[in-house]
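Presented as structure tokens, the chain that follows is alone, the form predicted on its own.
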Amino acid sequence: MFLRIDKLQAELPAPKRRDPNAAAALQELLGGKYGEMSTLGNYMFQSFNFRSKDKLRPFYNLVASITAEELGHVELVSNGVAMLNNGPDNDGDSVDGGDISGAPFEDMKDIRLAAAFLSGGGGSAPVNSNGASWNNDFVTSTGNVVVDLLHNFHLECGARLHKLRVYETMTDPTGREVCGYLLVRGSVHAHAYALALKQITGVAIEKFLPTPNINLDKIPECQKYLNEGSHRRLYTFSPNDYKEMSGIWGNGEMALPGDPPGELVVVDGAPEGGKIHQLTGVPSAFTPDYAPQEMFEIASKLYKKSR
């Protein structure tokens, strides 16, 4: 089962302006071939289908715990997309929808992913940057431990390339923060799968890292995560389970060359995380509705009753 916490894995700064085209670019990190839906789908079904779990517990635990982290990555990217689509906070909740006959969203017909507004009200969806749906063809779950781990290593390296390219397309701090955090955590996952393969096969696949060959210290948005040691941590995302993966990650192994030095560690539980940014309403777009005050009053009464 999964435990849900009402936080994001990282704190995202508010966007400086509404930028639906940047949001479209960030969608690639959600529903693209190497996006977070793909990493989640691969690791989730590999963990569900894993054979001989008791005998191969460290390797199963590695895939299972990273699955839980990937759920949070899907959530993080989705929030970043929605924030860029909606722009800075405003007092939209305090007014009604006004006169919609003047085409208040005329410019939205010309944006790159018009469906993000027309169908999603400015939210995110499991699609790539061109609006093509994510699909099961991106999932590999063979049942063979070495093949699956090797695929996962390839997937994380591809995702790293993905994130670097998306990072280079945008300047808004919201999108760049998403990229910076995921670059650090993706590097951890690639390193972890490399060490697991090394344990099984004896091949020092970690010598391929970083792939592509740019150190994270070149990315300003990665710095605080490197400074706090995020590049050395794997989280169990559980209070009591999945500890056995410490035989792979944290068995005297050290951080990658080029990253701040230190020993790899397994941390029980989840990262501290940050707040989920509140998206204010846009009544003229019927989100959450054209005249939402009655809804807010009902919700307020229910909230007070629950206290």
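Numbering starts at 1 and runs along the sequence shown. These numbers come from a predicted model, not from an experiment.
Not pictured, yet referred to below: the form predicted together with another copy of the chain.
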| query | finding |
| --- | --- |
| Proximity of Ser187 to another copy of the chain in the predicted complex, heavy atoms at 4.5 Å | no |
| Any non-hydrogen atom of Gly72 within 4.5 angstroms of another copy of the chain in the predicted complex | yes |
| Partner proximity in the predicted complex: Arg233 to another copy of the chain, non-hydrogen atom cutoff 4.5 Å | no |
| Touches another copy of the chain in the predicted complex: Pro13 (any heavy atom, 4.5 Å) | no |
| Contacts with another copy of the chain in the predicted complex - residues in 20-45 whose heavy atoms fall within 4.5 Å | Asn21, Ala22, Ala25, Glu28, Leu30, Lys33, Tyr34, Met37, Met44, Phe45 |
